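The form predicted alone is given below as one chain in structure tokens.
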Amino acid sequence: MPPDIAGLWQRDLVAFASRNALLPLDELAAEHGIGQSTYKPAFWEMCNYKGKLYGVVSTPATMGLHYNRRSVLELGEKFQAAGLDPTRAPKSIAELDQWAKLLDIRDDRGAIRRAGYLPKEPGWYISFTPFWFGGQLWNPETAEFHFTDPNTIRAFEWIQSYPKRLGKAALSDFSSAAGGFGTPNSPFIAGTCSMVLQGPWMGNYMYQLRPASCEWVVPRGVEMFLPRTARAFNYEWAAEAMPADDPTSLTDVTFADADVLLIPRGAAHPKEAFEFLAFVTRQDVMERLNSMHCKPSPLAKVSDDFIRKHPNPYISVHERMAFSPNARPQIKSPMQAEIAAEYELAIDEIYLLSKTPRQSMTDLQKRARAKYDAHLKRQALRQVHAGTASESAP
């Protein structure tokens, strides 16, 4: 007895759709005037699987580099001496590494007191790092994982460069002393990690947990009356697209994520359920909802007021990334959830210096292939059983 509407993360859509557990929404969407032109391309793509629409976005997100602007400006002379511009975000991975080294602070014992950047802080999107190196994790046309893609290997070599440089023990001590996300002592909010890859919700977290960092010049109530271009100067932190390894060929790369609304197959009231989905998709409703969440809109069209009055002063950055051709959603493998644990294990092996990136990714490729082959066998058995059941039906 499924509910009429289910809310899931986008990563779950393909798993359910591939098992015939979701109702295709193309006809219902067309009746309400909802189609490909309604959404930004990345968010439309994540709601489709094998040519069919299975969901609509409720709240989306794009991941960008958040950095402590005050710490950077305080080191302005050192940045300039190194040939870096402290008034704007790093433009490449190599430049980000330079920033990180300048921002690192260690005590006399070598303990990390402030990290410039740590790939595993918070580490939620570390598995998508290959996107910023031009890597492909999954090929939907051949139904193959590409963990041994040269660009993917290079991405994890970059990740491993941090524990090699900073020391595995020092990183472990730093992580064990850090506060959990969503607390005033979490590293970026507390200022003990100067740069993180995070989503637009950081605007809410920073204001709620460290309000002084959002009122550097004037109170929030005054700031909201300033021109949009002037608002960012009121913040000790800033957000911009995470730089790519090759910025000449890859710009505004981002991992695009979202919460999605779906109608399970067998739902009792699909037409009525989609009326609510259409209501959520309405521009005024969508903008109000995502403004409260401090997020961009998944819709192709946004109002001037949405940008001007948005509580996130860097919402234009997230809107720009969301429209980017390099906005990459979750890989569309029906085995993504099963492979995720294996992938995390491989990343830990790399970060803990247990294996080289090439060794770890080669082993992961073999495990992923075995799991996918087993999935194909189960799928074939389901089809056989489904055929047998239909033949025996009266």
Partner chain sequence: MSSRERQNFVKGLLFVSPWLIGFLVFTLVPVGLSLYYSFCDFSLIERDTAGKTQAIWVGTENYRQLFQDREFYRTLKNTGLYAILSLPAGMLVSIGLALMLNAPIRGQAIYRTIIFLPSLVPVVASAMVWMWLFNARLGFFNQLLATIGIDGPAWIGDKKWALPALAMMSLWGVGNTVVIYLAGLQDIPRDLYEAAEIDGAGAIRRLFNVTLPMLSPVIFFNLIMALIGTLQVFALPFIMTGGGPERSTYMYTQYLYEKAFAYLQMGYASAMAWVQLLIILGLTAFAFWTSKRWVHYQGR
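Numbering follows the first chain given and starts at 1. Just so we're clear, the structure is a prediction, and the values are computed from it rather than from any experiment.
There is also a form predicted in complex with the partner chain; it is not shown, and the following applies to it.
Chemist: Work out which of K52, H32, R70, R367 lies within 4.5 Å of the partner chain in the predicted bound form, going by heavy atoms.
Modeler: Contact with the partner chain in the predicted bound form is made by R367 alone.
Chemist: Using a 4.5 Å heavy atom cut-off, which residue among A177, A268, A230, A81 comes into contact with the partner chain in the predicted bound form?
Modeler: Selected option: A177.
Chemist: In the predicted bound form, does each of F16, A341 and R382 have a heavy atom within 4.5 Å of the partner chain?
Modeler: Result yes, every residue of the spot touches the partner chain.
Chemist: Of these, 239 to 247, 93 to 101, 106 to 114, 297 to 305, which stretch puts a heavy atom within 4.5 angstroms of the partner chain in the predicted bound form?
Modeler: Residues of 106 to 114 come within 4.5 Å of the partner.
Chemist: According to a 4.5 angstroms non-hydrogen atom cut-off, is T183 in contact with the partner chain in the predicted bound form?
Modeler: No, T183 is distant from the partner.
Chemist: Flag D348 as yes or no: does it have a non-hydrogen atom within 4.5 angstroms of any non-hydrogen atom of the partner chain in the predicted bound form?
Modeler: Because a heavy atom of D348 falls inside 4.5 Å of the partner chain in the predicted bound form, the answer is yes.
Chemist: Is there a heavy atom of E275 lying 4.5 Å or less from a heavy atom of the partner chain in the predicted bound form?
Modeler: Residue-level check for E275: no, no contact with the partner chain.
Chemist: Mark S172 yes when one of its heavy atoms lies within 4.5 Å of a heavy atom of the partner chain in the predicted bound form, and no otherwise.
Modeler: Contact check for S172: yes, within 4.5 Å of the partner chain in the predicted bound form.
Chemist: Do any residues of 342 to 378 have a non-hydrogen atom within 4.5 angstroms of the partner chain in the predicted bound form? If so, which ones, in sequence order?
Modeler: Contacts from 342 to 378: E342, L345, D348, E349, L352, S354, R367, K371, A374, K377, R378.
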